[in-house]
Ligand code: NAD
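A lone chain, given as structure tokens: the form predicted on its own.
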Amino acid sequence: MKKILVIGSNGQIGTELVLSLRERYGNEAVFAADLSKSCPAIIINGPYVQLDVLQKEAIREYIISNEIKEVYLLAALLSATAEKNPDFAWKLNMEGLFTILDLAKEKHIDKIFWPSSIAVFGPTTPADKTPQYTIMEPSTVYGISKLAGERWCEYYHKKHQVDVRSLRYPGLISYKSPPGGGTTDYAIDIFHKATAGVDYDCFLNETSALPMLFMDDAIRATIELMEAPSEQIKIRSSYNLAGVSFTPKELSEAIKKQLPDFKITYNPDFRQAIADSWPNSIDDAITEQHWGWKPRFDLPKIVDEMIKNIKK
């Protein structure tokens, strides 16, 4: 039985990833780890440990002594939060990655998943159908750290044969876990307000198109990438990943089809500049070509799933 560790298990992606991995490999095979002493109720069905990814020796000792062979490194400060604390964001987003890459270089770990983001792109990147290979000049601390991480992942693979795999996540939409401080968080919060009968004040303008992905698709893509044969993984920096692109206005209109009394206003804040620097849509044709990725959720399906499950 291989042992899997998810670092950052209490976050937006982590909770759902832990649940999916445990369903696939068994509760006892998947270890959840985060800063909090207590395990969230949603993932209490298996082992949980309090770990700080910046405590290098503690991380090393835990992984080596427990013979962990697969690590999903999700601990990070996201875009909007990182802009408020850039020094710590850089430290957290980079030092943890080096600790895990070095463990793999030393052959303690067989396989790593590390998430990148559409934040690696910038205002000079082609905004529509952004290709896999293109100009990358990120303008946020989060984006800079993710671009640097991509280069280090590829370096460790070429230089030390580390089996590291990565996806450039777009905005992720989920009803199971709260948003984690990203610029695309409006696309989650809006559903909670709408189903509660509360008007929503959006921090982006109505025409800000951004790439989005339903969390079920994101988790499936992550596991499919990790389970794909090594010879199919030809990109070791990070793969583009696309789902659906929409604006706040398009999303609100889709919600109004089910909740006609819902109202939205627009008061852009500092996150507008971040959104303006990101692509409108993503081209992930290479991802599909290499290991067969295809999204399953379009905008109407996302709206149906979000409203139905939040109401529950």
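One rule holds for the numbers: they count along the sequence shown, beginning at 1. All values derive from a computational prediction rather than experimental measurement.
Keep in mind that the form predicted together with nicotinamide-adenine-dinucleotide is missing from the display, and what follows is about it.
Colleague: Would you mind picking out the stretch of 44 to 52, 22 to 30, 63 to 71, 250 to 258 that comes within 4.5 angstroms of nicotinamide-adenine-dinucleotide in the predicted complex, counting non-hydrogen atoms?
Modeller: In short, 44 to 52.
Colleague: Looking in the predicted complex, any heavy atom of Ile100 within 4.5 Å of nicotinamide-adenine-dinucleotide?
Modeller: No.
Colleague: Is Tyr239 close enough to nicotinamide-adenine-dinucleotide in the predicted complex to count, meaning some heavy atom within 4.5 Å?
Modeller: Output for Tyr239 is no: heavy atoms all beyond 4.5 Å of nicotinamide-adenine-dinucleotide.
Colleague: Can you tell me whether Thr195 touches nicotinamide-adenine-dinucleotide? I mean in the predicted complex, with a 4.5 angstroms heavy atom cut-off.
Modeller: Outside the cut-off, so no.
Colleague: Verify the contact flag for Thr130: yes if a non-hydrogen atom of it lies within 4.5 Å of a non-hydrogen atom of nicotinamide-adenine-dinucleotide in the predicted complex, no if not.
Modeller: Outside the cut-off, so no.
Colleague: Tell me whether Asp34, Ser116 and Tyr142, taken together, all sit within 4.5 Å of nicotinamide-adenine-dinucleotide in the predicted complex, counting heavy atoms only.
Modeller: Heavy-atom distance to nicotinamide-adenine-dinucleotide in the predicted complex: all three under 4.5 Å.
Colleague: Among Leu204, Cys153, Ile112, Ala76, which has at least one heavy atom within 4.5 Å of nicotinamide-adenine-dinucleotide in the predicted complex?
Modeller: By the 4.5 Å heavy-atom cutoff, the listed residue in contact is Ala76.
Colleague: Out of Tyr169, Phe214, Phe121, Phe191, which one falls within 4.5 Å of nicotinamide-adenine-dinucleotide in the predicted complex, going by heavy atoms?
Modeller: Contact check passes for Tyr169.
Colleague: Which of the residues spanning 11 to 46 lie within 4.5 Å of nicotinamide-adenine-dinucleotide in the predicted complex, based on heavy atoms?
Modeller: The stretch touches the partner through Gly11, Gln12, Ile13, Gly14, Asp34, Leu35.
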